[in-house]
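The data below hold one chain only, encoded as structure tokens and taken in the form predicted alone.
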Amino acid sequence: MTKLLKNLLKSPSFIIGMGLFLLTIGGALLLPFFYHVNLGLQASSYASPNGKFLLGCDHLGRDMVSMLIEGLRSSLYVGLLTGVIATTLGTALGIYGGFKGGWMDDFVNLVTNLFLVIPSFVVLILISSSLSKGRSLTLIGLIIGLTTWTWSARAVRAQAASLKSRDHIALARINGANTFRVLTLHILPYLASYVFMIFILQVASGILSEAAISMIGLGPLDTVSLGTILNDAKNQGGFGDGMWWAFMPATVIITVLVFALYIINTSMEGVFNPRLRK
């Protein structure tokens, strides 16, 4: 493991991706200590950037820097919540079905294929649109996580199925280890790096999904996110008349955040996958 970590730190793409990701995390957590976040009305509609408002104001006269800090925190929360739910559910079902085989594996495959046939984004839109009240960040993250776990389950299932015939698994079963012990102590540790890469992709998917549904007006109703900032800019004329501060900073933050997560995943795959390792 130490050798793999050293190899990761030798990867320029991992350093760049992790640096960008830590920069966004630092911005979400630390900037409120140095910048007074005020989401109240402070100026005229779409006031341009100036000495007082570094990135101008939105259509309601709210400080865009404050909006972006709050929006980044919200989007990261949804992404992390989605990643935890989708990765945990997908890993649990995939590893159990792949190891047990038989009718259990067939059932997991059936459920996974059923969810894969129906586009998860369509389901997400239908569920969000049916909730005209109470669409909180937690509920949005829960919905996204419960509609995007299937490809995680399929990927983990294939890995678990390939491991169950290993000698150390057979030895553990001979020594009386039950299924739970085998899965947690003898299979899951081998898949830890693989599961972590899945988690990273699920976080990125959650951030993009939240931004997408918020962009079309189906996002959280009780707070600000990067997606709701884009939705406000779209609905209130922020895309026109050169008012770039209404949408461009939020777009850049989403792009940088998701790009960082994807190149972290790519660099980790290059280190943890022997067939791709240089």
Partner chain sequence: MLKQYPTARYILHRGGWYFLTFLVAVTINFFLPRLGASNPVDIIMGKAGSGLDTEAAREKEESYLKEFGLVQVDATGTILRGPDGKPLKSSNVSQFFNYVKMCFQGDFGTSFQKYPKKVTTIIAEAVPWTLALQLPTIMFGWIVGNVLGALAAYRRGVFDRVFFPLALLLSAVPFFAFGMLLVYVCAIKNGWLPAMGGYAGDLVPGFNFDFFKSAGYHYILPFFSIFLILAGGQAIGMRSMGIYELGTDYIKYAKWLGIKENKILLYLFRNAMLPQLTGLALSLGGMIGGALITEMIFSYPGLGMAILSAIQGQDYPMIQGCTLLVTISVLIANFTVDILIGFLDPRVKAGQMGGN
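Fair warning: this is a prediction, and the values are worked out from it, not measured in the lab. Numbering follows the first chain given and starts at 1. We call the rigid core whatever largest set of C-alpha positions still superposes within 1.5 Å between the two forms.
What comes next is about the form predicted in complex with the partner chain, which does not appear here.
Could you tell me if all three of 16, 27 and 60 have a heavy atom no more than 4.5 Å from the partner chain in the model of the complex? Not one of the three qualifies.
Using a 4.5 Å heavy atom cut-off, state whether residue 268 contacts the partner chain in the model of the complex. No, residue 268 sits far enough from the partner chain in the model of the complex that none of its heavy atoms falls within 4.5 Å.
Hey, in the model of the complex, does residue 178 get a heavy atom within 4.5 angstroms of the partner chain? Close contact is absent here: in the model of the complex, residue 178 is far from the partner chain, nothing within 4.5 Å, heavy atoms only.
The partner chain contact in the model of the complex: residue 38, any heavy atom under 4.5 Å: So residue 38 does not count as contacting the partner chain.
So in the model of the complex, does any heavy atom of residue 192 sit within 4.5 Å of the partner chain? Outside the cut-off, so no.
Go through 110 to 118, 194 to 202, 70 to 78, 97 to 105 and give me the stretch that gets within 4.5 Å of the partner chain in the model of the complex, heavy atoms only. Going through the listed ranges, the match is 110 to 118.
State the residue from 221, 215, 55, 43 whose non-hydrogen atoms include one within 4.5 Å of the partner chain in the model of the complex. The residue in contact is 215.
Answer yes if the Cα of residue 240 shifts by 2 angstroms or more between the shown form and the other one on a rigid-core superposition, and no otherwise. It does shift by 2 Å or more.
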